[in-house]
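A single chain, nothing else alongside it, follows as structure tokens in the form predicted on its own.
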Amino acid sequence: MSLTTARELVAQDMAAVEEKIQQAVGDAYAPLSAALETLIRSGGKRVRPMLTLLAGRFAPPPERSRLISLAAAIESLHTATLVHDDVIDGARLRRGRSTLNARWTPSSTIMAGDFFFARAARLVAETKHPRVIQMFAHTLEVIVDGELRQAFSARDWDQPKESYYQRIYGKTAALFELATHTPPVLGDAPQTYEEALRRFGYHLGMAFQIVDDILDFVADESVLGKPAGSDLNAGIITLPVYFYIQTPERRDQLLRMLEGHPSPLVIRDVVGMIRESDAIDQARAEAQAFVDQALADLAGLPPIPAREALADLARYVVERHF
């Protein structure tokens, strides 16, 4: 599977979204504008704005420009969270490129992220829809809650699986949910459409993050664009780690190896142990279950091309390699 069908279906609107995002940073302070433009052009699959545009096909708003602004706002919010994530994680690489955090001081990088948050808020205000704006603000709260949960649960090897699900909802799924829930609200769609698309975004976002966490162990570093085992090195318990440590012997060995400040060589060894274990297949099965739920969510929607594009996108999520 690939994103080709979805991309082709919304190509014209995506071009307008890209232009809108570029305009949002073009009049900023020159060094900030240059840095943000580099960040915008640095890649990314643009899954979230694609979801927004596809979800908007089921009940198009009277003014197309408002959907464009919404998609640009959601992608800008995502980009802002990445800037802050890189500071929190001390990341020097993202998608194989040097992060803004690697070139600027942490305080300056945080302010750059704040600027993008502000521009995202300005863009969503262009929808002129009070409920959509409220939903956007609520999602930002959920994202911050998810980051705090992740920070305070680091190295808590006894946390239940539900804690992981709460974290990845805040970290990823909430924004996917926003991307598919707000367009039918903006277009005054029937409640059944709104709920089906909301659930689709939630289930797809959960699967997407689980696969991301799997790739942290199984993907080639040159493709991943960052060191393998980055989350593990920070003490973050993702789903593959959770499944791995359910066996007492493996748990004891892993905790011994990660005690103190493990070297990159030790991290690589632990990554290899988890990669070769059944924990990866267990995590993939959960990702697939979420995708299956997402596909079921689409069943009650009209059989228009956007529905099949969303289904292709959902299938792609569990088959991707980066």
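Being a predicted model, the structure only gives us computed values, none of them experimental. So that there is no doubt, residue numbering starts at 1 and follows the sequence shown.
One more form of this protein exists, namely the form predicted together with another copy of the chain; it is left out here, but the text below deals with it.
Even though another copy of the chain is not shown here, does S107 get within 4.5 Å of it in the predicted complex, heavy atoms only?
-> The answer is yes: S107 has a heavy atom within 4.5 Å of another copy of the chain.
Residue contact check: F117 to another copy of the chain in the predicted complex, 4.5 Å heavy atom = F117 belongs to the contact set for another copy of the chain.
Examine K171 and determine whether its closest non-hydrogen atom to another copy of the chain in the predicted complex is within 4.5 angstroms.
-> K171: no contact with another copy of the chain in the predicted complex.
In the predicted complex, does E195 have a heavy atom within 4.5 Å of another copy of the chain?
-> No, E195 is distant from the partner.
Heavy atom of each of Y29, A121 and A137 within 4.5 Å of another copy of the chain in the predicted complex | Contact check passed for all of Y29, A121 and A137.
In the predicted complex, the residue from P248, P160, P130, P190 that sits within 4.5 Å of another copy of the chain by heavy atoms | It is P130.
Just one of I237, V87, I214, M206 has a heavy atom within 4.5 angstroms of another copy of the chain in the predicted complex, so which one?
-> Only one option qualifies, and that one is V87.
Interface segment, criterion being heavy atoms within 4.5 Å of another copy of the chain in the predicted complex, picked from 182-190, 237-245, 206-214, 140-148 = Selected range: 140-148.
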